[in-house]
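Next up: just one chain, as structure tokens, the form predicted on its own.
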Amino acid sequence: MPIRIYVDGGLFDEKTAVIPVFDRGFLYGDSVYEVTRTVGGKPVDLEPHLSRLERSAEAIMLPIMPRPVIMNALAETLSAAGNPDSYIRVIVTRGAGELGLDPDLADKPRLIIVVKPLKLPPGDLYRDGASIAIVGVRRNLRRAVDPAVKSGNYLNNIMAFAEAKRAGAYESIMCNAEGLVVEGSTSNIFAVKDRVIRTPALEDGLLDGITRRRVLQIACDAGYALEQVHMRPDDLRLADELFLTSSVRGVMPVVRVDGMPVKDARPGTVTRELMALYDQFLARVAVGTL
């Protein structure tokens, strides 16, 4: 099952795909990107992902190519890869040019699309649950690089993940400068208390995850009570259930926080119900009914 990479109109494999060393995405993280997956060969939630890509580009004043150009390139790359299901990463950099921070030094935006065989997390994480660590690394201030922008400047998340890994956890959970829980290094976080589903409010400084949004809609349609609230670390530690969401993971239960069990350290009822509902959503995408 091959990897195919689209760069500037050409298709390559992982050994032949290259970008200039003066590309600003490489030099400065001056880029935006999106990650999704396919199911039944069909991209999941492609429209909201591309809409967020455009919003991110606008927020950092990066001129982006028309959406049909991206969609045609993606279709071409998926077809060339020919995988049963694929991981997809769409990247737009500001382009290359003379060294310097001035954005006007860039020549033109560069489109890169990475398609590779889909590799889901190990099944035991869904069966038995994952562990998370609330880390000391703080999420970027909204007045700095706004977390709502999905940019290639990812060092903040990398350092958070590294701290969690040193603690033996699967995922990090970051707080903002005020100490409020915001999100994971590669995920959004949800807590369940008395069957009410809570997740951090966007105003606290987190990425508006596409799967986060999808799960909120699924839960609402299923009749769950939902709250987007200011959350403290103890709201996670004292929750009845916790789970993570992301485009590749879907819904993943969490059973330990900082090494301590969440309730009985088993995936909870609400989490398992949402996992099943999300799987049903993916099944509808696969057959083209959604």
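All residue numbers are counted from 1 along the displayed sequence. Computed from a predicted model, the values in this text were never measured in an experiment.
FYI, the form predicted in complex with a small molecule isn't displayed, but the following is about it.
- At a distance threshold of 4.5 angstroms between non-hydrogen atoms, residue 74 is out of contact with the small molecule in the predicted complex.
- Looking at residue 238, you'd find every heavy atom of it more than 4.5 angstroms from the small molecule in the predicted complex.
- Shown alone here, residue 56 lies farther than 4.5 Å from the small molecule in the predicted complex, counting heavy atoms only.
- Under a 4.5 angstroms non-hydrogen atom cutoff, the small molecule in the predicted complex lacks residue 94 among its neighbouring residues.
- With the partner omitted from this view, the residue of 35, 27, 265, 226 that lies near the small molecule in the predicted complex is 35 [heavy atom within 4.5 Å].
- Checking 108, 142, 195, 89 for any heavy atom within 4.5 Å of the small molecule in the predicted complex turns up a single hit: 89.
- Stretch-level contact check against the small molecule in the predicted complex with heavy atoms at 4.5 Å: of 77-85, 162-170, 111-119, 177-185, the positive one is 177-185.
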